[in-house]
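Read the single chain below, which is given as structure tokens and is the form predicted on its own.
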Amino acid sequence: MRRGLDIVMGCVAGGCLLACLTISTGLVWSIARRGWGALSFSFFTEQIALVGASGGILWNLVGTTVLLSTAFLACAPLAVSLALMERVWLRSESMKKALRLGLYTANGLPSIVFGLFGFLVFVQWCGWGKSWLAGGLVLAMSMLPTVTLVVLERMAAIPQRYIAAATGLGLSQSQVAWAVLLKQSWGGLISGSLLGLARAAGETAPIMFTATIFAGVTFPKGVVENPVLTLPYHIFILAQDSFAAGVETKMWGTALVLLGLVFSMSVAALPSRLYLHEESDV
């Protein structure tokens, strides 16, 4: 009976996996088939023209890079701090569970919630208007739970004998955190950041309220009222005018570039994730 149930569950799991792979492959193929014709050298080096029907995505790529760089620089220190707090300074198990529960809950929040928060705090209360800094901070908040949880996994995988040896040598908690936990957790920070950035790169709702417009700007020259162009918002606007001549091909080409960007960051995070799980099994 149990063997038969195992076979049935294995078949169900395999069927689900096959369905996911089929759907994902079909989506990628559909985007690539429609957008490949738009890719050229000028597509990456020219700015938008004729309301998206001509030109390229140069400043959209630059703006997306600015937002992702800002998000990483704002998120990484906070993620490491929260992970160290959970592993070193929080003594109560209930507080540790509460912190983890908060991270998992925040990780499941819709991105529009972060966008509305950024709009209320940064755009209106701080008076920044639409700004690359506001968008970067909102994306940092959206990816913070993911990065923190991955760093926590990496710290939990560190063999206890390393910590015991450092403590036996007379190192304080802060010295153990710096010399052992941090130095052994860089892989988790890198992989978690790449996964978080892969998610943030495709977000539209948070940045459309706080950081991006469709056309008319290049590289930001300040903070207040300094929006940027981005790939997700570009696709969002072009999708509304996809029946105009020349727009559809540009839209699918931009989607293909964004897909490649997200895919490359996800693949880059894979070796560190595999290494993390190998060490945790030792």
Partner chain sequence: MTRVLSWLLSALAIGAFGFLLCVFLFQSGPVWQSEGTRYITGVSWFYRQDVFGALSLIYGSLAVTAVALLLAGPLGLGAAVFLSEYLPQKARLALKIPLELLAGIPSVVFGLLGIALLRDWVYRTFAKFDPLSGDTLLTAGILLAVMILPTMVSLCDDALRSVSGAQRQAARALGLTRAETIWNIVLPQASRGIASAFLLSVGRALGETVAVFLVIGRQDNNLPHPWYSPAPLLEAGQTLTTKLGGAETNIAFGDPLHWAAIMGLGVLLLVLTAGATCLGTLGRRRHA
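The shown structure was predicted, so the numbers you read here are calculated from the model rather than taken from an experiment. Numbering follows the first chain given and starts at 1.
Another form exists, predicted together with the partner chain; not displayed. Remarks below refer to it.
- The partner chain in the predicted bound form is approached by Ile31, whose closest heavy atom lies within 4.5 angstroms of it.
- A residue is said to contact a partner when one of its heavy atoms sits within 4.5 Å of a partner heavy atom; Leu78 meets this definition for the partner chain in the predicted bound form.
- Within 4.5 Å of any heavy atom of the partner chain in the predicted bound form lies no heavy atom of Phe72.
- Using a 4.5 angstroms threshold between heavy atoms, Ile235 counts as touching the partner chain in the predicted bound form.
- Every residue in the set Leu82, Leu90 and Gly108 has a non-hydrogen atom no more than 4.5 Å from the partner chain in the predicted bound form.
- Contacts of stretch 120-144 with the partner chain in the predicted bound form, defined by any heavy atom lying within 4.5 Å, are made by Leu120, Val121, Gln124, Trp125, Met141, Leu144, listed in sequence order.
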